[in-house]
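Okay, so here's just one chain, in structure tokens, the form predicted on its own.
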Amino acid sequence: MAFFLNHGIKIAGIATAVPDNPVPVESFTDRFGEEAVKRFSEGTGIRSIYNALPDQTASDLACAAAEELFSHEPVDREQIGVMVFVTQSPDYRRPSSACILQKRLALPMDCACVEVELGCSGFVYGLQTAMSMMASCETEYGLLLIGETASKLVDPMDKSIVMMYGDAGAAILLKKEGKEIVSTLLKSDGSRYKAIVLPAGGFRDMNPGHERFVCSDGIERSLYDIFMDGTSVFSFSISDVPQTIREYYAKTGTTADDYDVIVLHQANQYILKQVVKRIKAPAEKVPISIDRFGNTGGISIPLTLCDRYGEISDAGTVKALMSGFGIGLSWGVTAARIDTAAVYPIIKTDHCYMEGRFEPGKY
């Protein structure tokens, strides 16, 4: 079992950012018809999403979140010795966007920068990766960044997911302090990799044709568009995920009653309700942000925390159970004590790193 114990490392701050481009689901009425949009919104709970601007990337959103975090937390950037960036929307095929973020955020050359390609499980996996690296070195501080612009990878006529994916970025400051133990349980099942997949553009098939074809769900796509087998993903989400949370309960000797808040990946409203029922959690302990931000992948957990506590100044320290799950298939559960005074309001940003755009013959 991939069960990890992290000693003496805490979450010291959380900031998140969304593009300054809100998109209400009603705006899709002309494209799909009023009835289809209504059915989608009622089924998923999504009323609006935020889509990245044309030149805005996942690293731009993560960078904005990090700068917001630094504006509140008096940490010397020279003391950050580990930075992990989680994304499936990198700036380039090469080099790693983590190295570019190291430059943009003025982190020291002594900072080890790593990029992790994971989606909806990215917060839990990224947190464990960063904490494991910190535990093995002398650094006092670490930084976990997450960014996603999945909206740019969806066929605009795909009514099953074009209204679902929101874009966002997150920054989580980690600090060695105290005797707190953060325990994490991670799982993956590559045998189901086709459940959520974008086939084209990788090195298996770099330049296939752009012809459109009807997929198994009756929707036309090309190989350059995200495909999601909704039935398989739903089954996984309401079976494997609750089972793993119950395993986590057993491994840690806890129940839902031991946590102040239970933050689940914001897949869709119906899935959330089913998971909550199966893990025997009170609905009031499970905050919802998908209605206003959509499915933001790995950012959805920190985004939901910022949505819940960012505007509250006196909530104190909470014990949070957190579970991310999705593409891969990949999923995990973790828990940590979080000082809500260090959980900051969600910001909107239109920042784009235009210096990162290459022009033919100019490099």
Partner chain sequence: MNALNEYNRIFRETFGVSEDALNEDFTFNGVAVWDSVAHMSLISSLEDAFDVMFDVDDILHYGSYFHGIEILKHYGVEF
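Positions refer to the first chain, counted from 1. Keep in mind the model is a prediction, meaning the values are calculated, not measured.
The following text describes the form predicted together with the partner chain, which does not appear among the structures shown.
Practice item. Taking 4.5 Å between heavy atoms as the contact cutoff, choose which of Y193, Y249, Y259, F234 touches the partner chain in the predicted bound form. Key: Going through each option in turn, the one that passes is F234.
Point to revise | One residue of T44, N51, Q56, T334 in contact with the partner chain, assessed in the predicted bound form (non-hydrogen atom, 4.5 angstroms) | key: The option sitting close enough to the partner is T44.
Check your understanding: With the partner removed from view, which of 131-139, 284-292, 97-105, 225-233 is the stretch that lies within 4.5 Å of the partner chain in the predicted bound form, judged by heavy atom distances?
Key -> Of the stretches listed, the one contacting the partner is 225-233.
**Study point:** the partner chain contact in the predicted bound form: R93, any heavy atom under 4.5 Å
**Key:** Contact check for R93: no, nothing within 4.5 Å of the partner chain in the predicted bound form.
Point to revise | Contact of K277 with the partner chain in the predicted bound form (heavy atom, 4.5 Å) | key: Yes, K277 lies within 4.5 Å of the partner chain in the predicted bound form.
Review point. Given that the partner is absent here, does S183 sit within 4.5 Å of the partner chain in the predicted bound form, heavy atoms only?
Key: No - in the predicted bound form, heavy atoms of S183 and the partner chain never come within 4.5 Å of each other.
Check your understanding: Does K159 reach the partner chain in the predicted bound form, with heavy atoms at most 4.5 Å apart?
Key -> Looking in the predicted bound form, residue contacts with the partner chain include K159, since a heavy atom lies within 4.5 Å.
Exercise for review: Between 251-279 and the partner chain in the predicted bound form, list the residues on our side with a heavy atom within 4.5 Å.
Suggested key: Counting only heavy atoms within 4.5 Å of the partner chain in the predicted bound form, the contacting residues of 251-279 are N268, Y270, I271, K273, Q274, K277, R278.
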